[in-house]
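One chain is shown next in structure tokens, namely the form predicted on its own.
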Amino acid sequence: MFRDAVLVAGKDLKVEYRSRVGAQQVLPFALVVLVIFAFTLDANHDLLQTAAAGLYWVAVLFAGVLTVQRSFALEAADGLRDGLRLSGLDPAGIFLGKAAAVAGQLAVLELFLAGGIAVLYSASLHGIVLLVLSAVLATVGLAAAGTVYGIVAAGLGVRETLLPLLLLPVVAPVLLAASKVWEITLQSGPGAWGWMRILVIFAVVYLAAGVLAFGPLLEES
């Protein structure tokens, strides 16, 4: 399973590296979202700093939807998804590989966006260990949930609009918990670990769901 996951993740990341879609389209889109928020709230600097964590994760979430759509759009043409079914790869490995590729792309994106909120919102990024840990858990949860709902939407019509409708309500707990952890940490307040538990539970649940259900979902897509 893990060998298959490495093969699938390597394939997806290699395609993205060669296409440069993430660097040329997804990253600029996410940065533009941060810039728009900065201009909108510029009149109230204190509010901008307070809302920095939430705005950061909203930008990550929007970019995550685009990344998941791109991941499954690559296999929509020329019967590539049929080839994936017939490849003999473990469906759980395919799920883990695609989720790992999405998570890797999101991790790079999050590094740039963290610099963006530091510059645009004058946010002081202290409590780095907690910020990184919460970001890792949130990224795993987003990637796992996105991969599950990505394969559901892939087999249906108008998937470009269907995926956000399916995914955004489901990942709302991740958006809320990650935003709260970052807000508390950036303000040096207590209580961040309570929200971290939500991130852990969400990531574990969707990783388990994907490993168990991806095979049947792939066959129906």
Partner chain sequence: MRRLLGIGSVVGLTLTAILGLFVTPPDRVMGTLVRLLYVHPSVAWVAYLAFGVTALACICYLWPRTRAPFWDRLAVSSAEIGVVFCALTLATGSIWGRPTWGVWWAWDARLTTTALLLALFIGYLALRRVTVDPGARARRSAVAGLVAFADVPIVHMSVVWWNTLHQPATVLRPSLASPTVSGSMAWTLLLSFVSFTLLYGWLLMHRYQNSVLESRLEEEGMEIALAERWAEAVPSGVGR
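Positions refer to the first chain, counted from 1. On a predicted model such as this, the values are computed, not experimentally measured, just so you know.
From this point on, the text means the form predicted together with its partner chain, which you will not see here.
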| item | value |
| --- | --- |
| Interface stretch in the predicted complex with its partner chain - options 32-40, 64-72, 51-59, 167-175, non-hydrogen atom within 4.5 Å | 167-175 |
| Ala23, Ile201, Val211, Val15 - the one with a heavy atom within 4.5 Å of its partner chain in the predicted complex | Ile201 |
| Contact flag, Val6 vs its partner chain in the predicted complex, heavy atom cut 4.5 Å | no |
| Touches its partner chain in the predicted complex: Tyr149 (any heavy atom, 4.5 Å) | yes |
| Contact of Leu27 with its partner chain in the predicted complex (heavy atom, 4.5 Å) | no |
| Its partner chain contact at Ala154 in the predicted complex, heavy atom, 4.5 Å | yes |
